[in-house]
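First, one chain by itself: the form predicted on its own, in structure tokens.
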Amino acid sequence: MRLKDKFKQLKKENRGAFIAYVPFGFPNPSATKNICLSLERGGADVIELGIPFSDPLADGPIIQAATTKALANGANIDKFFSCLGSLDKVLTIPVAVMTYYNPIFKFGISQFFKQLKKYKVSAVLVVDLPLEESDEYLKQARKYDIDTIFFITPTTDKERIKRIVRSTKGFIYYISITGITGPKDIAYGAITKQIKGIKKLSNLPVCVGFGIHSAKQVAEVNKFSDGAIVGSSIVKFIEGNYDKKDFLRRLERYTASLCMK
């Protein structure tokens, strides 16, 4: 399923998206497929699957520790695509790949998007790729019809927001805080004002990530946005439970509690 179809479905249901982030390969590469399926059964509308990177500038300590463990346990780009191949056959919700630019550049930009197309990935988010340096990236993404999601932060000025929304497809990612990922308090009023401004410039859905870690926050954010993105709290739950006998069922229940399904 493509993101545009999911958001169309959500609009009919009059609710915001619950987007779950997990890094591929955490706690080990063979676990990711079943983790994604548990997130879907728990009510996730979109899976944001991260490619582990050794220098994750935007990630807080929870996700940094998870990606370090994933890399130590053998996560690499070939296993990542193998996992996408297995998910393609069983997952029914959209997958967006979140990564840094180095793994894409090293793998080959064209080949990277060709593989994503092969496994029906809907979109890509690259944390550290400036819009001004993204010409070849955008060219290849458009060639393979993969959505490109860019980030807007509380400090992004209006002229730059205009340029970002023109290059974004799928949804606009609004970062709720000035800082790295991890559980935070959310300033709903300020974010609401920012999202209203963005929506005057674009008809795309606007989803909010970074800092969101509770069901209450998910519900509040979805009152004024098109989706809430939760990462660190899910990763923390996985870290604390993956060695338990009924881990996947626990994860499913935890996901359902976050999105209140």
Partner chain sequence: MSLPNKKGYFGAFGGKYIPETLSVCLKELENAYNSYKRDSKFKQSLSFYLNEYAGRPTPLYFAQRISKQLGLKVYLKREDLLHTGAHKINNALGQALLAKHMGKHRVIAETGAGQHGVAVATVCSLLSLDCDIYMGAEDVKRQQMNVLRMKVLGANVIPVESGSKTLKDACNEAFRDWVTNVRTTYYLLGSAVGPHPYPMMVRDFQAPIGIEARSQILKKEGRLPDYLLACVGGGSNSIGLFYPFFADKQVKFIGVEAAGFGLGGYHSASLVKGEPGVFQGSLSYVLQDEFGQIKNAHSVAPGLDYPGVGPEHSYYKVSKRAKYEAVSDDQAVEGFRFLSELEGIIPALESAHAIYYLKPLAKKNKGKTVIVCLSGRGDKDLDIIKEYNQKKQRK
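The shown structure was predicted, so the numbers you read here are calculated from the model rather than taken from an experiment. Residue numbers count along the first chain shown, from 1.
In what follows, reference is made to the form predicted together with the partner chain, a form of this protein that is not presented.
Note on the interface: of 114 to 122, 139 to 147, 82 to 90, 101 to 109, the segment with non-hydrogen atoms within 4.5 angstroms of the partner chain in the predicted bound form is 101 to 109. Using a 4.5 Å cutoff between non-hydrogen atoms, residue 56 counts as a contact of the partner chain in the predicted bound form.
Taking the partner from elsewhere, residue 64 is found to have a heavy atom lying within 4.5 Å of the partner chain in the predicted bound form. With a 4.5 Å cutoff on heavy atoms, residue 179 counts as touching the partner chain in the predicted bound form. Residue 164 belongs to the set of residues with a heavy atom inside 4.5 Å of the partner chain in the predicted bound form.
The candidate spot formed by 191, 241 and 249 is out of contact with the partner chain in the predicted bound form: none of the three has a heavy atom within 4.5 Å.
Contact residues in stretch 1 to 37 (any heavy atom within 4.5 Å of the partner chain, taken in the predicted bound form) are absent; none meets the cut-off.
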